[in-house]
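There is one chain below, alone, in structure tokens, taken in the form predicted alone.
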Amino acid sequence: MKELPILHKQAITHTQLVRYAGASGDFNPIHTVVPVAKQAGLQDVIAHGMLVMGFAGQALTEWFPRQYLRSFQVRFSRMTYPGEQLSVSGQLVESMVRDGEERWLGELIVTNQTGEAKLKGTFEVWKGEPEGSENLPLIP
């Protein structure tokens, strides 16, 4: 196994959630209106799951060239609230051949500052050009 560099994000803010709602078109008020979120039984508004998944995708594209990504699957674990600081960790767990292509199988996890898992996922990336090529992946 090879550990990949951790991506640390700044704390989630209410403003960020409103901006993400505008960018994504997801205006469900549990993401942006505190009284509505509390009426729904939540302690505060919650971050959009796709925002958290986007952080995981950001880490993937920092670890590998985007065009090397072959699959990316996630499962959400817990809600994310404003004030939480998320980090994305990943590792390469296996070398494999699929569709005639050498690939890395990897796992990633998004956690908050207390280590609570928010999302877990797997990905496959093409290993890239043979050594000596100018098109080598950034990692490993």
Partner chain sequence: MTKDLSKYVGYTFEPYAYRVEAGKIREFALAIGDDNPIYHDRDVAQQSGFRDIPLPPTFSTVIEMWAGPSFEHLIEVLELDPLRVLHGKQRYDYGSVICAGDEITACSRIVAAESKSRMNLFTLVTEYANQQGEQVLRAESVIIEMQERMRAKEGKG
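Residue numbers count along the first chain shown, from 1. Worth saying up front: this structure is predicted, and the values here are computed from it rather than measured.
Below, we refer to the form predicted together with the partner chain, which is not included among the displayed structures.
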Notebook entry, point to check: Is there a heavy atom of V36 no more than 4.5 Å from a heavy atom of the partner chain in the model of the complex?
Noted result: yes
Next item on the list: Although the partner chain is absent from this view, report whether Q91 comes within 4.5 Å of it in the model of the complex, heavy atoms only.
Entry: no
Next item on the list: Indicate whether S95 is a 4.5 Å heavy atom neighbour of the partner chain in the model of the complex.
Entry: no
Notebook entry, point to check: Hey, in the model of the complex, is K9 touching the partner chain, heavy atoms inside 4.5 Å?
Noted result: yes
Check: Using a 4.5 Å cut-off on heavy atoms, what residues in 18 to 41 are near the partner chain in the model of the complex?
Finding: R19, Y20, G22, A23, S24, G25, D26, F27, N28, P29, I30, V36, K38, Q39, A40, G41
